[in-house]
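Read the single chain below, which is given as structure tokens and is the form predicted alone.
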Amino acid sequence: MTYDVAIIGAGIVGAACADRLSAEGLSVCILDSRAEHAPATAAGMGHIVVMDDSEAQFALTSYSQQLWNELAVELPPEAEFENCGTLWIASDEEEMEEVDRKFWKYAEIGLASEILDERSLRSAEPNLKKGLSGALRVPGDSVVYQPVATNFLVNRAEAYGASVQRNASVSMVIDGLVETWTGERIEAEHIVVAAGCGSTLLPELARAVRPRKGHLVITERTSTAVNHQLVELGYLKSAHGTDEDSVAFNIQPRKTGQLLIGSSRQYGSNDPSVDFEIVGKMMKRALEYFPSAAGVNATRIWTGFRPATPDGLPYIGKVREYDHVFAATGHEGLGITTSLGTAALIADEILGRVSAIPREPYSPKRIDV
């Protein structure tokens, strides 16, 4: 068959693109190399968060969060969407200066936040260690169980008429045509490459998208309360830092009563097995901030690979050297958050519309030739 759009990748970004484009009345085919969830989506934390490492990141994450809030009323209960808010925790006065900067940055665009001093932080999260300087509370942030949200988007795209092909590994992409390793050819006027680290099947993206390994730990059910997504401000350095391995304190509450604990980042490893040295450092960091978790057992540890770019921004839009091939990749640890915004930008570009935020900062044309 011939489609208006072929989307490579059925993770959260590809699913969001399929949902958006099929809702616009375009005929859509989704191809994914796996029978189940894309690895980066399945391995992620599901934190829907506004980030301000750059103006462009701030614009995309805040826009995407608005879209998630609109979608939330339609998600099934199993998606566990919860508006728990984020606490960006400051361990000392230097980090409290960063809390102050973020507060005023958010205030400029009307994004609600609140500065907590040491006493207010203890009241908000009694199980954190004593002596922390304070935090920035961002009440608009949320969490979601992303595999269910991804299924919802794919299923809704199918209800709009989209076709889904699983176990379809793509071997070649050119304008107007996708070919799988089994020799099947799918013709499409537009092609969207949303395959995460697998997006490197395009040589243009292979030069710029690098896998970044991460670990997560899920605990048994516990009565140890966590009321917000808890993140140390040092996370910002580890998330956007150098090639060095790093860990940071990051705990997410789950409706199941479990704790989801992160996070780590490693370049240069293609090995999906658990690195227990890194996990040990990650858990040590977690217990420094949250000693109440010391008696809680882990039930599972896993890894995933995030598609990272040199400047920390995703590639969204038409790829150089092609007329109708678009990238939707390179989101690193923000793929869940920015999936809906990415889909909106892709749809706007394909349909020739002005977007709610400028598209230029995310253009793949910024990749060095």
Ligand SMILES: Cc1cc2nc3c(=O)[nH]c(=O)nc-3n(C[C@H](O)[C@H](O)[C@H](O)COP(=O)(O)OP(=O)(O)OC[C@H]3O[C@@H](n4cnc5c(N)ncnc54)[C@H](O)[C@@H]3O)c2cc1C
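Not measured: the values here are computed from a predicted model. The numbering used is simple: start at 1 and walk along the sequence shown.
Omitted here: the form predicted in complex with the named molecule. The next part is about that form.
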Within 4.5 Å of the named molecule in the predicted complex, heavy atom basis, the matching stretch of 77-85, 269-277, 212-220, 285-293 is 212-220
Could you tell me if A195 has a non-hydrogen atom within 4.5 Å of the named molecule in the predicted complex?
-> yes
G317, heavy atom within 4.5 angstroms of the named molecule in the predicted complex = no
S64 near the named molecule in the predicted complex, any heavy atom under 4.5 Å?
-> no
Any of the heavy atoms of R34 lying within 4.5 Å of the named molecule in the predicted complex?
-> yes
Decide if the three candidate residues A72, N151 and G341 all line the named molecule in the predicted complex, where lining means a heavy atom within 4.5 Å.
-> no
What residues of 1-31, in sequence order, lie within 4.5 Å of the named molecule in the predicted complex by heavy atom?
-> I8, G9, A10, G11, I12, V13, G14, L31
